[in-house]
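Here's a solo chain for you in C-alpha cells, the form predicted alone.
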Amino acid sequence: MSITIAARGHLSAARPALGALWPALVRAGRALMPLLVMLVLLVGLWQLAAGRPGSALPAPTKVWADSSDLIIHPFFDHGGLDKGLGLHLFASLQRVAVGFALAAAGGIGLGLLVGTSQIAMRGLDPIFQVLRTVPPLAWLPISLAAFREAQPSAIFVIFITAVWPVIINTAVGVRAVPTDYRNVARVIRLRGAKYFLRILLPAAAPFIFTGLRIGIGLSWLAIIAAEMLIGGVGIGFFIWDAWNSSNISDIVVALLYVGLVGFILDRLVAFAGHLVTRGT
C-alpha cells in the first residue's frame, strides 16, 4: 500500500511538470513550423527540378545515394588528403580562428585609434577605404610571395578580409558615443583607462560586435575560396577536388555543411555580443 501511495505521489508531482512543459513545446513547434514547411517545399522543388532525366544537377535522392557514407561518417581518415568532411571543416576552422582573432584584435585597436584621433582618421581612413575594396583572392598571390607557405598565406587572406569591417564599425561606434556620456565623464573626472573601460568601450560595444559579425562571415567566405587555390586539407580544397572528380553530390553535401557552419559562427559571435552588451 505504501509503495502504491508513493507511486501516486510521484505521478501527481510529474503531472504539473509536464503541464508546465507542454506550452513551451507547443510554442517551439509553432516557431519551427514555418521553417519546416519551407524546407519541405524547397527540397520538393529541388527534387522536381533535378529529378528529370538528363538533369545536370543531382536530386536530393541521388545526393543521398551517392554521398550517404560521407554524411554518416564525416570523420574518417584514410591518410593523406582522403579525409571526411568533418576533418576538412576542422582544418578550415583552425585557419579561420587564427585569422579572425588577429583581425579582431588589430581591427578593434585601429578602430579605437581612428575613432578617437582626428589626425589618425585623416591619415588612415582614406587608406582603409581603398584597401577594403580589394577582393580577398587578389591578396593571395601577395601573401604567397611574402610567406612562401600555404598555411600563413591563407591566414593572412582571412585577416585582410575580416579586418576592415571591424575597423570601420569600431571607429563609427567610438565617434557615436553620446555627448552626455562624455560630459558625465568630465564631471566625475573619468580619464585614461577608467574612461576607456567604463564609458568608451561599453558605448561602442554594439558597433564593435556588428563589425565582428560581418568579419566572421567574410572570414568563412575567404577561407573557402583561398583553399580552392592553395590546396591541402580544408573544405575549400574538398569542394575543388570533388569538382575535378565530377562528384557533384559531394559538392552539394559540402555546401550544406559550409552554410550550417557559417550560420553557427555568426550565431556564436551574436551570442557573445548579446552577453557583452546585455542585449542593447
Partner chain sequence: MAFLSVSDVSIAFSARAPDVLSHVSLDIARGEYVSIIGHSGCGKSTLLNIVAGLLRATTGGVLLEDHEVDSPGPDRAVVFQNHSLLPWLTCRENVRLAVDQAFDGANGHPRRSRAERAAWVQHNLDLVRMGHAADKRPAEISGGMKQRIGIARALAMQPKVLLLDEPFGALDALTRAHLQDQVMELHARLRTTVMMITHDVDEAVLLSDRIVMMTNGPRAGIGEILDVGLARPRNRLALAQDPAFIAARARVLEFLYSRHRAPEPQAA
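Residue numbers count along the first chain shown, from 1. Note that the coordinates shown come from a computational prediction; the quantities given were computed from them, not determined experimentally.
This protein has a second form, the form predicted in complex with the partner chain, left out of what is shown; the following refers to that one.
In the predicted bound form, none of the heavy atoms of residue 132 sits within 4.5 Å of a heavy atom of the partner chain. Although the partner is absent here, residue 202 lies within 4.5 Å of the partner chain in the predicted bound form, judged by heavy atoms. Remark: residue 81 does not count among the residues lining the partner chain in the predicted bound form, judged by a heavy atom distance of 4.5 Å or less. Taking non-hydrogen atoms only, residue 190 approaches the partner chain to within 4.5 angstroms in the predicted bound form. The candidate stretches are 88 to 96, 174 to 182, 161 to 169, 133 to 141, and the one lying within 4.5 Å of the partner chain in the predicted bound form by heavy atoms is 174 to 182.
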